[in-house]
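Quick heads-up: it's one chain on its own, the form predicted alone, in structure tokens.
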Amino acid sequence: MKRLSLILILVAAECVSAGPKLLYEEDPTLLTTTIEIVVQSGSSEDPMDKTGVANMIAEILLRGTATKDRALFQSTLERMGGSIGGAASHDTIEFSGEVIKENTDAFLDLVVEFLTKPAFNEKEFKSLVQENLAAIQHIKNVNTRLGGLALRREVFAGTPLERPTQGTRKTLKAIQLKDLKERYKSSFHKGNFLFAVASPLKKSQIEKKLESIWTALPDGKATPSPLVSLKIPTEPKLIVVNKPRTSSGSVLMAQAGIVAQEPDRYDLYLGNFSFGGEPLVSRLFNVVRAALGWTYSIGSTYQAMGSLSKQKGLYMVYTTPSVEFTTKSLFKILNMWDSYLEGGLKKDEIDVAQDSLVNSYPFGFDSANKRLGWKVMSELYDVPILSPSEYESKVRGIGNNELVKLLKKHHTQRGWIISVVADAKVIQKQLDQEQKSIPAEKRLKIAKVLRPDQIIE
């Protein structure tokens, strides 16, 4: 998640009556103050029949306050040279913005106002529902989104995480303005706040404004977002999202991922760098795209759900092949995965990954906002911040024997949930052709066919 140079973070931390917890980074060279506000209360806390509540709160708070309607709020923001927007993730509600440094005080006054005195205007609420319904409808045009949501329906079945963060057509229509007010009341309190600031201004100049936000909020204890168990099969499960007229399909393959605290993440990240994480040098890119020319893009990541957190995420391999090469790409990836899982990396692959990771790591600390981002991540998820020398020692010490052990510890050969967005009839023909020499009982079969409308409904 991108960290901006002035960050206000609202997180699940114990309520401290003495005042707000503050992390601070000062950079006198900055010409603007930028801000991110994160409430650790995301879509995983939405009611199953009303997913989308958290995301709507992130938007409606910026549509007017007790003293300013939407038009006046926006014009006030623009006149001071500022901007701000909001969105939700599975465990947070976030606000991000920017203002010229001379107007930092005025900007923070506006932040206090929308955080503590939102209007919750009925007209704006109805307008927001219609806008979000249109945005959800547009998902049908984005194959990768359809494929990702098809996977989530399986992995997180029966929980709010099986649905898009912004909800579905059915759940949005069920949400009422009172639901947003109730969620706001239960989430926006002192127990959910941490303040983290990076600014060209002195810390003392910021502290007073942060204190005014803190004192305006009600008391409350932390309410951590619930953690959801993943439902991963022991054998490959293939879901097809039927889109007969698409010319470029989408293939997404998921296994259980890791959490932010995972001690093996350095080894796994290094391995993934060479397997599929880094364009141009990874195995997947060099074989499936460069050598075979079957796909436009291909890669793999442990951050399929965004930044790592306390919620176990997904490890995902993704590619966008031409339709005629869809199943060929799928089976090639499975074969390459088997080789990776059993044999790990070659020495030259490890050397390249180590050099690249070690040399790029210091760039994560070359600005105040980046350094603060590390502090925030550490505070939120109890992740230690390694210095460049500590990180180099950790990465240089990774060997292939240990990597293979850890791959087998965290992953399986056949435990994939796979989604393909393409013409279901075409995919079935391709599966039959590619597996004609394999006994019927051992073939990869289509487990389920979904329509795009089913995914967003």
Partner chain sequence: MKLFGPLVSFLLFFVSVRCHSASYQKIAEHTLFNGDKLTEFRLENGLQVLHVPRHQAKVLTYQVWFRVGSLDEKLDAKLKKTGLAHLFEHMMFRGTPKYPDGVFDKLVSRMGGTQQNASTYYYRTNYYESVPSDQLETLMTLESDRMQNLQITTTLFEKEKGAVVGELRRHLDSPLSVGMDQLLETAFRVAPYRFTVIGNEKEINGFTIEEANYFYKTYYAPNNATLIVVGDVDAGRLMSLTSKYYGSMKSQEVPKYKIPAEPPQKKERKIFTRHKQATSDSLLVGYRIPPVDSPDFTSLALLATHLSTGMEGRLRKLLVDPGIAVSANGAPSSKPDLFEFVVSLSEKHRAENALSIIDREIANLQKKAISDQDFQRALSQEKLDMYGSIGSNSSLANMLGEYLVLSGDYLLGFKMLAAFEKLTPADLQNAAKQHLNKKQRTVVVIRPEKRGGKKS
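Positions refer to the first chain, counted from 1. Only a predicted model underlies this, so the values are computations on that prediction, with no experimental measurement involved.
The discussion below concerns the form predicted in complex with the partner chain, not included here.
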{"property": "Proximity to the partner chain in the model of the complex, single hit among Leu227, Leu341, Ala157, Ala290 (heavy atom within 4.5 Å)", "result": "Ala290"}
{"property": "The single option of Ala135, Val259, Ile232, Ala87 touching the partner chain in the model of the complex, heavy atom within 4.5 Å", "result": "Ala135"}
{"property": "Heavy atom contact within 4.5 Å of the partner chain in the model of the complex, the stretch among 202-210, 294-302, 216-224, 147-155", "result": "294-302"}
{"property": "Check all three, Arg63, Arg79 and Glu278, heavy atom within 4.5 Å of the partner chain in the model of the complex", "result": "yes"}
{"property": "Contact label in the model of the complex: Ala106 to the partner chain, heavy atom within 4.5 Å", "result": "no"}
{"property": "Contact flag, Ser378 vs the partner chain in the model of the complex, heavy atom cut 4.5 Å", "result": "no"}
{"property": "The partner chain contact at Asp348 in the model of the complex, heavy atom, 4.5 Å", "result": "yes"}
{"property": "Contact label in the model of the complex: Val323 to the partner chain, heavy atom within 4.5 Å", "result": "yes"}
{"property": "Within 242-279, the residues that have a heavy atom no more than 4.5 Å from the partner chain in the model of the complex", "result": "Lys243, Pro244, Arg245, Thr246, Ser247, Ser248, Phe273, Glu278"}
